[in-house]
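The chain below stands alone and is given as structure tokens, in the form predicted on its own.
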């Protein structure tokens, strides 16, 4: 395996710049997730690493070796795509073996690698089946086996779970992470699903508009988002973002008042749904707009008199109906403030 470095990477398509001055290090054996909305540049970045796209500027290094101009086959990487790319006329066994067609491995080593991959992914019962005879999850397991047998420098996965149903995505998330840890493989995983990113990555690189917004562990990204974009994108339910102003040690937005030790001026307050609480009185007057009962907990959506909507996490047994009045108040110690002009985190609000 190898470490990967992107050194001031840029990729343009005509007048459109898909990736802008991207500096990024993926350490040997790390599971890094590239997270962001459609069009943010994450797949283009992955394709540059793979050699499927040629950067407009910057360098790509594998263990310090510049591979920017190297063709894909010389980089010894393996890719798994959203749609499992299997030969439709070949069985699973033949598809897996096809990955080693150009290798000069001895027959015994070839057989050992295939057997190991089949055992790891528990697909022995699929070997005689054609892709058309498999489920979506089974095809992805076979596609992953095709990648594993090559023993590549790095694994690159481009939204491999997005076409699967929710239950299967959950199962394969755990399987992919378990497999990556057992192999110790350097892995770059692209997704727009922040739940996938939070549950799978050692670190998450959040991209927006071709730029890197923030990189850190899932906890760092969640607890200390660097910008309004990251704050609003990462988290389910998302962070509540409330525009207002700090004056005399108090954040004010409409009828909401929160005591905060922060510099005066216009800011946006961010508070997670679990840190916004129902109060008997003395908070922000609201009415229940909707309730989303999730079994273990309930997402309570409320609307204030200015028709701003906020989300709270409450106990599953919460009693309430649409239109019921209530007051809500954030925990000041768990609030964050973001600068309105730059969109960057302004100061801890405690």
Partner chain sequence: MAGQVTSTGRTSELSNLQFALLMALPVLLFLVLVVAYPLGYALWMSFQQIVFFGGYRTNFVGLANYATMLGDDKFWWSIWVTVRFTVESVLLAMAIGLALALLLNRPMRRPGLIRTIIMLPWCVSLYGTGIMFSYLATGQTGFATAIAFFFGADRPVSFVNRQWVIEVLAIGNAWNMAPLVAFFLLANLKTIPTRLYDLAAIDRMSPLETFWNVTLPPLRFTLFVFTCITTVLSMKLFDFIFVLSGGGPGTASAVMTYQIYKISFRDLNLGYGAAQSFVLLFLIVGSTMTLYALWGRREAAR
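Superpose the two forms; the largest set of C-alphas matching within 1.5 Å is the rigid core. Only a predicted model underlies this, so the values are computations on that prediction, with no experimental measurement involved. Residue numbers count along the first chain shown, from 1.
Although it is not shown, the form predicted together with its partner chain is what the next lines describe.
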Can we say 47, 76 and 79 each have a non-hydrogen atom within 4.5 Å of its partner chain in the model of the complex? yes
Okay, which stretch from 84-92, 174-182, 204-212, 269-277 lines its partner chain in the model of the complex, with non-hydrogen atoms inside 4.5 Å? 84-92
Taking the shortest heavy atom distance, is residue 146 within 4.5 Å of its partner chain in the model of the complex? yes
4.5 Å heavy atom contact, residue 232 to its partner chain in the model of the complex: no
Interface membership of residue 72, its partner chain in the model of the complex, 4.5 Å heavy atom rule: yes
Looking at the partner-bound form in the model of the complex, is residue 99 within 4.5 Å of its partner chain by any heavy atom? yes
Given that its partner chain is left out here, which of 57, 52, 314, 61 has a heavy atom within 4.5 Å of it in the model of the complex? 52
Answer key, its partner chain contact in the model of the complex at 4.5 Å (heavy atoms) among 150, 257, 111, 192: the residue is 150
In the model of the complex: members of 157-181 within 4.5 Å of its partner chain, any heavy atom: none
Once everything's superposed on the core, is residue 131 shifted 2 Å or more at the Cα between the shown form and the other one? yes
Residue 182: Cα shift of 2 Å or greater between the shown form and the other one (core-aligned): no
Is there a C-alpha shift of 2 Å or more at residue 199 between the shown form and the other one once the rigid core is superposed? no
By 3 Å or more, the Cα spacing of residue 133 and residue 178 differs in the model of the complex; is it closer or farther than in this view? farther
